[in-house]
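Before any questions on binding or motion, here is one chain by itself as structure tokens, the form predicted alone.
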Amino acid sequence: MGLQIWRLDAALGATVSNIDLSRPLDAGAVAAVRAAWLEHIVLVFPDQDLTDRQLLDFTRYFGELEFPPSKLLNYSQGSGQKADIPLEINVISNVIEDGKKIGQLGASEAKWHTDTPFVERPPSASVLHALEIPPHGGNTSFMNMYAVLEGLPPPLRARIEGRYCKHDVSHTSDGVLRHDYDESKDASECPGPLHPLIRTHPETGREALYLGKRAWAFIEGLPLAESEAVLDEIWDIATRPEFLYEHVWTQGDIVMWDNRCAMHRREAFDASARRIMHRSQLQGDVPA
């Protein structure tokens, strides 16, 4: 039996079965996975056992690899990852070994975000491999930004047409101030690039809402209070269940998602439990 793709009973997502990502894929399999990714936004590959090099090899089928934020931003203190981890891998973990963190984002909630939007060319895709998971918590939820845009009331959509939003670089998705940055007085002064609030997907041609992390987002050209009010109204709609899929991790899962039309969050989990995830990313385009 060949590769099978099953749509999830949610606003986005599909499961891909009968495929071993540790082995080379033929052109037909790559084309089928790409088509499913563009259609369903999030793909789940259960029961995978990959080395970091195999994870990177799989990711390369779909484009050029992107470096993790610590390298893109040239952190003065580095990322804390072990030296034997490939530079293109981002370790997401709360584990501490020999008194040192082996990864990033700890065990607290990672609030709604899209990966690495604080650069001029944000990554197009993220691929996350579950190596160790806690017995409870740490689920990752995804948001369909095509559907959220379509769900905005026309007057609200009209208020953001042609506008740009600040994507703050100074804080991580769990609210921690990054090394080499200072706190800003308010969201309008946070460092980071401006990206269009409504972007056109370069491959599907569809329009999607493109938001920054809520706490430090700012809509260019609006007074701060008005920007906050508009963003609050948008987020009240975006977080409705009909736009979401919650993934409950199983060890060995690989989840691939499209950063150009999806956002995600991670729920908190017990800090005494171990969670180790390795992530690769694909280079993207300037949002347009």
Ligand code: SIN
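For clarity, every value in this text was computed on a predicted model and none was experimentally measured. Residue indices: 1-based, along the sequence shown.
Keep in mind the form predicted together with this ligand is missing from the figure; the text below concerns it.
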Using heavy atoms only and a 4.5 Å cut-off, decide whether all three of Phe67, Arg178 and Lys213 touch this ligand in the predicted bound form. no
Taking this ligand as it sits in the predicted bound form, is Ile92 near enough to touch it, meaning that at least one heavy atom pair lies within 4.5 angstroms? yes
Quick one: does Met143 come within 4.5 Å of this ligand in the predicted bound form, counting heavy atoms only? no
In the predicted bound form, does Asp168 come within 4.5 Å of this ligand, counting heavy atoms only? no
Under a 4.5 Å heavy atom criterion, is Leu105 part of the interface with this ligand in the predicted bound form? yes
Considering non-hydrogen atoms and a 4.5 Å limit, which listed residue (Leu128, Ala208, Ala125, Cys190) is close to this ligand in the predicted bound form? Leu128
Mind telling me which stretch in 158-166, 193-201, 214-222, 111-119 gets its heavy atoms within 4.5 Å of this ligand in the predicted bound form? 111-119
Going through 253-275 from first to last, which residues have a non-hydrogen atom within 4.5 Å of this ligand in the predicted bound form? Trp257, His264, Arg266, Arg275
